[in-house]
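Shown next as structure tokens: one chain only, the form predicted alone.
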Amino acid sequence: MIRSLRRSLNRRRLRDEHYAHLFEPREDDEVVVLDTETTGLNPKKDTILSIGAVIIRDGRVLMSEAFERFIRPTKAISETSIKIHHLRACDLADAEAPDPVIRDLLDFISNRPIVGYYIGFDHAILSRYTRRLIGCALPNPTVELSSMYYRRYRKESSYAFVDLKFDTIMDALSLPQLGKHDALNDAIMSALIYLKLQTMPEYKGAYG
């Protein structure tokens, strides 16, 4: 009920009807798996440097339709972030302005659910851009991979610790690791996690 009310309020805030389709229900099982690299770890203040995303259709990752874009920084990149993703201001001097990238991303995502590892962060920082551009937060439902994995993990007791680190999940599911902290590579690896978890009997209907 609360989720429905929030979605209705978000829809009323939409200023650009070109994006009204984002609020329409999806009639197939396609999802977009997404990752961002940013200037820091505060979604209220930091900005996006790169976005990688892939579509999953009929149980396949559509690499031929992958989305990868780089954004020129509008604020300083923290040293901590540079150590993680190795993107410096000089590397992005010729990158794009944010607005056309975000608009293209919205067209790419359409009304598909968005999947990701700690996707709440990506959703929050993307919503800062969409509020300015189209008046509302990103309306797509999200699927959190760490929660999916946690629900699948068979604990020996209710007190057992479940390691939810990305590398640990990849290893536990016997999935190949690509170069990390590259937005597109992280999106591809996240897509592999999603597909692997979807094939397990514990996961029939993962959008909850």
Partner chain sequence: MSFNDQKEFLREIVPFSELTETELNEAITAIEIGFYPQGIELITAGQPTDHLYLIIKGEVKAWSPEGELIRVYHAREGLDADAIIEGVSTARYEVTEDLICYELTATAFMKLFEGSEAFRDFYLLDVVERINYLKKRATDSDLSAFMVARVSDSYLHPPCILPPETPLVEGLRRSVAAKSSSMVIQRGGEYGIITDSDIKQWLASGTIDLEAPVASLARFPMIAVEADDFLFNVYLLLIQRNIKRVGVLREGELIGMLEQIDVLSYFANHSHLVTVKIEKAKTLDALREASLDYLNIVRKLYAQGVKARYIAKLVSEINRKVFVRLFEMILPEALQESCALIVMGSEGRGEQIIRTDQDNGLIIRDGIDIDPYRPYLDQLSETLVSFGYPACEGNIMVSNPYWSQSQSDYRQKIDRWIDTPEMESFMEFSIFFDSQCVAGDTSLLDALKTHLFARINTGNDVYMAHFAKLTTLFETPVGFFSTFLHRDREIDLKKAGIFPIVQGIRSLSLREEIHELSTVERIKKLSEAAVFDPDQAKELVEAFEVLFYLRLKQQLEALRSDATPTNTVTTDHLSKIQRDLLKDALQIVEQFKKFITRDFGLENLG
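Residue numbers count along the first chain shown, from 1. As the structure is a prediction and not an experimental result, all values here were calculated from the model.
Heads up, the form predicted in complex with the partner chain isn't pictured, but that's what we're talking about next.
In summary, the region of this chain contacting the partner chain in the predicted bound form, judged by heavy atoms within 4.5 Å and restricted to 58-66, 138-146, 22-30, 35-43, corresponds to 58-66.
Heavy atoms of residue 162 never reach within 4.5 Å of the partner chain in the predicted bound form, leaving it off the interface. Within 4.5 Å of some heavy atom of the partner chain in the predicted bound form lies at least one heavy atom of residue 70. In the predicted bound form, the partner chain sits within 4.5 Å of a heavy atom belonging to residue 184. Taking non-hydrogen atoms only, residue 14 never approaches the partner chain to within 4.5 angstroms in the predicted bound form. Using a 4.5 angstroms heavy atom cutoff to the partner chain in the predicted bound form, all of 179, 192 and 196 count as contacting.
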